[in-house]
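Just the one chain here, the form predicted alone, laid out as structure tokens.
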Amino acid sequence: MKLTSMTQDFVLHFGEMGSRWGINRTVGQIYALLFISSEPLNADDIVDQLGFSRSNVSMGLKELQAWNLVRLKHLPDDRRDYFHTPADIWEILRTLVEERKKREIDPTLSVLRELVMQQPSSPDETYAQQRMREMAGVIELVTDWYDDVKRLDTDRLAQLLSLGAKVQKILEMKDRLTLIPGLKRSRPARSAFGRSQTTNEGE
């Protein structure tokens, strides 16, 4: 594959965006090249296309493998390692979200859980701990939602994301249905971290 003006613009832009997402610019460009390549590429191919040193390409490929964003492939009668990205863009999205959650969200939530269990020693610490509890509650709510959503098949997930503002109408319809006589009305209950959970009256 030879980079054209269009594909080169994509690779360069992806490198710039990668640096804003917290990954090396070189890694971003390597991933972009693999993403648009119709065939798996080896390290030498990447060096030739992008002009990076062999060591930088090797380190970039190792980082992408650590993120589970590239796949390793071997070709018949060729001892070199070839790399490619998943063909399914939804698989890439799911992997990226899952890896960022493990690296950024989960450690933060663990620290917050430990801090809110400590005994405050002053009014200031009590206030600070309450704010931490609120933050933990929001993060837990989002992660619980994510755990449910990631189990959806791709078609259902695409439908959910395409709803957009229509979700508000669905929630409004649900609220109206709860006012019908004979139906149990849901009320919010809070977990230990302030997260709202739905319970039914009378249970």
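Keep in mind that what you see is a predicted model, and the values were worked out from it rather than measured. Numbers for residues come from their place in the sequence shown, where the first is 1.
Quick note: we don't show the form predicted in complex with the DNA, though the next part is all about it.
One residue of 55, 143, 68, 154 in contact with the DNA, assessed in the model of the complex (non-hydrogen atom, 4.5 angstroms)
It is 55.
4.5 Å heavy atom contact, residue 62 and the DNA in the model of the complex
Contact with the DNA, yes.
Indicate whether residue 37 is a 4.5 Å heavy atom neighbour of the DNA in the model of the complex.
Flag for residue 37 set to no.
is_contact(residue 103, the DNA) in the model of the complex, heavy atom dist at most 4.5 Å
Because no heavy atom of residue 103 falls inside 4.5 Å of the DNA in the model of the complex, the answer is no.
Determine whether any heavy atom of residue 131 comes within 4.5 Å of a heavy atom of the DNA in the model of the complex, and answer yes or no.
No, no contact at 4.5 Å.
Interface stretch in the model of the complex with the DNA - options 93 to 101, 120 to 128, 106 to 114, 80 to 88, non-hydrogen atom within 4.5 Å:
Residues of 80 to 88 come within 4.5 Å of the partner.
Sequence-ordered residues of 20 to 35 touching the DNA in the model of the complex, heavy atom within 4.5 Å
Contacting residues: 24, 25, 26.
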